[in-house]
Every structure is written in C-alpha cells, then in structure tokens.
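Okay, so here's just one chain, in structure tokens, the form predicted on its own.
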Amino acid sequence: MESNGVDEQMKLVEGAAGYVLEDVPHFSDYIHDLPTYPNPLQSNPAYSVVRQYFVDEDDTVPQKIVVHKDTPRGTHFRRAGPRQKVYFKPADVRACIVTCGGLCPGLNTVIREIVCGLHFMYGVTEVIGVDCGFRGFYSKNTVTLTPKVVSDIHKRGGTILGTSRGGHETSKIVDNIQDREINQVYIIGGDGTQKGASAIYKEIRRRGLKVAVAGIPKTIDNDIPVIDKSFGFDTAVEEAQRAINAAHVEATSVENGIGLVKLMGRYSGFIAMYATLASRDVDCCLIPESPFYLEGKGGLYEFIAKRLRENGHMVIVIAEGAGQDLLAESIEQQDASGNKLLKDVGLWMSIKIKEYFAKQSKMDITLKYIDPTYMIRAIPANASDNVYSTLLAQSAVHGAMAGYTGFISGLVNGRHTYIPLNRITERQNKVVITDRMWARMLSSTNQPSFMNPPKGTTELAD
C-alpha cells in the first residue's frame, strides 16, 4: 500500500489490469501496536442467520461498472460493512453525533440508526448529541442519546439535535472532543460540512488521537459526487409532485393558465429534472446547468405562447439556481457556509412573464406561483429514504468500530462503500445536459433546449 504523500486521506493501492483502490485512512496508519478485539456481532443472535458475518478485506466496489474488455479496471472504493476485528471495546466507546447545514428528510433516521446500531449491534451505551451544529462543540450543551430517546424520531422532519451553518473552529472543536473523551465522531452534512470534518480528522491525526471521524453526506439537491444519490432526495422528488400537481390543477382550471413551481437546486437541477420526469404534467423545466433566454425566436416567451395556443395551459418548473445570470444585480453576499445568496428567480420569473404578456401580447394569462421549498425539506423521510438512511448509518458505525477514519459512507453502484472525505468535497455533482437523462426530460416536456439565444436579445432584470 502506498500513500501519495500529499493528502493523508488519499491512499492509493494499485493492482493488476489497471486496478486502483482509493482507500480511506485507518488508525494503524498513524498509531502503532493498537490492540484489536473480536467483533461482538459474532455473538449477536440477530446476525446468527447471516451466512457470512464479515466483509472480506479484499472486497471493493468499482466506481464505474461499464467497461470495455481492453480498458483498465479503474477506480474502486473499499466495501462497507462489519469486520472480524474491531479497534474499540464497546464499554470504552464514547460517541457523538452532529448535524450541520440545511434540513433534509432522513436526518432523524440517520441519528436514530447510529444510536441504535452502536447500541444493539456493538453494545455501546454512551452516545451524545451535539446541539446546533459545529459551534455546539464549544458553545452549547450536549444531549444524551439512547435507543429510548430516539425510538420514534424518524417519524419527524428536521433534526432533534438542531443545526446551523458555519461555526467551524477546528482547534476548539478538537479540544472539546479531547476534553469530553469522545472517540467516535459522526458528522452529518453537505460538502461544506464534510470539509469541516476533513479539517477535524487532520487535526485529530496530527495530535495522534484514537478518534474515528465518520461522515454521512447530506444534501437535498443530490449534488454530492461519487455516490449514487443522497438520502432525502427520493422524498424531495415525491413531495415536489404535490406542488406540481397543484400548479397543474390551477393552470387547467382557467383559460391560458400558467402554473410556475420553484424547486430546490442551488447549483444542480436534479430535483427539478426528476420531479418533471415523474410528473409528466410539466411543459418546461429550467435548471442551473442549462442556460435559457426569454425574448426572441426560440426563447421562453415564444415557447409559453406556443404552448398556451396549443393546450390552453402550461406548467413550468424552475430550480432556484436557474436563470441567475439573467438577474442584473450582482450576487456577492454569502451565507455562513460560504454559499452565494441567490435571488428569488421564481418570483422574478413570474413578474417578468406577467409583464411580457400584459405589454407585448394580446393573450390574457393567469399565472399562479408556487414555492414549496421549505415544505419539501422539512418533511419526514419516505420509506425508501428511511431504509437508505438506516444502511448509511450502520455502514458508518461498522467503519468507525473497525478503525477507519476520515471517510464518508456512501452508495456506489448499489453497494455501500467507504469513500475518502476529499473525494466528495472536490467538486459538485451536476446534471449533464448532454446525457440521456436530460434528453429523456426534454422529450417528456417537448421544450426547446434554449441553447442558442439570438444576439442582443438576452434580457436583464430592471
């Protein structure tokens, strides 16, 4: 096994036929002669029916499953799951859980299953919750988490621990981890949160501490790379259907009715695209990855007029990050996580459409604008996301108990894996508008691609 010497979270193992394993850090990389213990699952009656208790150390999962016979085997990640030996005595474990960033369906399920997984699979009894994000490590109280405390929290939206943006001060956080004698840290959050988790891991490693840092990636926008999807995404798409259906009812109930729905998607339009495909009632879907223009031949205004003449109604779905280039005001403000504060493109779009048809068209329209943003992210997870959140949490627990650290648990090609933290913070996952899925969406709506605006017709906000 060779480290590249640049990033402690990137351990590359090369094998035959172009095989590359992007491994995750382990206690044994920087703490020598640590004792190991038999995995308690061996005597757990619930697992007595499992033919193979433990994941083989050589089990890996390919990042790409479609290859040609002459191409290299490519990048792999370590398969998640319980190991024969663990690096903690259950009685010695003192774990903590923290949630950061925006809300997402499934947060409480992840919290519940970390607690229950530690307790029922490994016999761990000391788990605490950190109140209100990273700053809770040094400025807030903690709460004791037991299976009884978390028994029904998966039925609620939000997070019982509270959340916040920012507040990351690495040294103060690690000082608090040491002071409280915490040796397992579970961090639930998006790319900004996992960058913070990476900094915490590096400081813990620098101090030579036996503390496992495990991340569970969270984003309702599904914009985290490498993994198949993020938890809460299915729930968000399902809930978005209610808003789209309401817009469709409103639009079809009047002459020349337009239903405009704004969905979440700051930089990635996955929710808008999948909700559009699932609905089949949408006539136009606008996302950040695909620029559009308003006026002129082939523009949005022309398409709206055409669709109203054909059908007498229209439904438009727009992601919150779409069309930001059309707004004249510069966007320089940021929130505590460093995200740009976006203008409300949905409200702006509704005003511009009304103004256009009032001034430049003989067609009277009735437009209803629906913004279900916070309704979508605040609801409990649906059945599929509850199962997914459970498996993510259990994978993180297995990894931490086995001595892995500086990793996230994530689904890759349908298999749960351990992925280096830096791999999911290096870029954002975005809709590829030259891919088949976007083509399927375009064929569903029959909208133009808006790829080539006429010169001099791109409209700016007043």
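Remember, predicted model here, so these are calculated numbers, not experimental data. Numbering starts at 1 and follows the sequence shown.
This next part talks about the form predicted in complex with a small molecule, which is not shown.
In the predicted bound form, no heavy atom of Lys368 sits within 4.5 Å of the small molecule. Heavy atoms of Asp385 never reach within 4.5 Å of the small molecule in the predicted bound form, leaving it off the interface. Interface membership of His313, defined by any non-hydrogen atom within 4.5 Å of the small molecule in the predicted bound form, is ruled out. At a distance threshold of 4.5 angstroms between non-hydrogen atoms, Arg377 is in contact with the small molecule in the predicted bound form. Note on the partner interface in the predicted bound form: the residue among Arg78, Arg112, Lys262, Lys218 having a heavy atom within 4.5 angstroms of the small molecule is Lys218. A heavy atom within 4.5 Å of the small molecule in the predicted bound form is found for exactly one of His154, Arg83, Arg266, Lys352: Arg266. Heavy atoms within 4.5 Å of the small molecule in the predicted bound form are found in exactly one of 233 to 241, 273 to 281, 219 to 227, 252 to 260, that being 219 to 227. For a residue to qualify, one of its non-hydrogen atoms must sit within 4.5 Å of the small molecule in the predicted bound form; none of His26, Glu203 and Gly399 qualifies.
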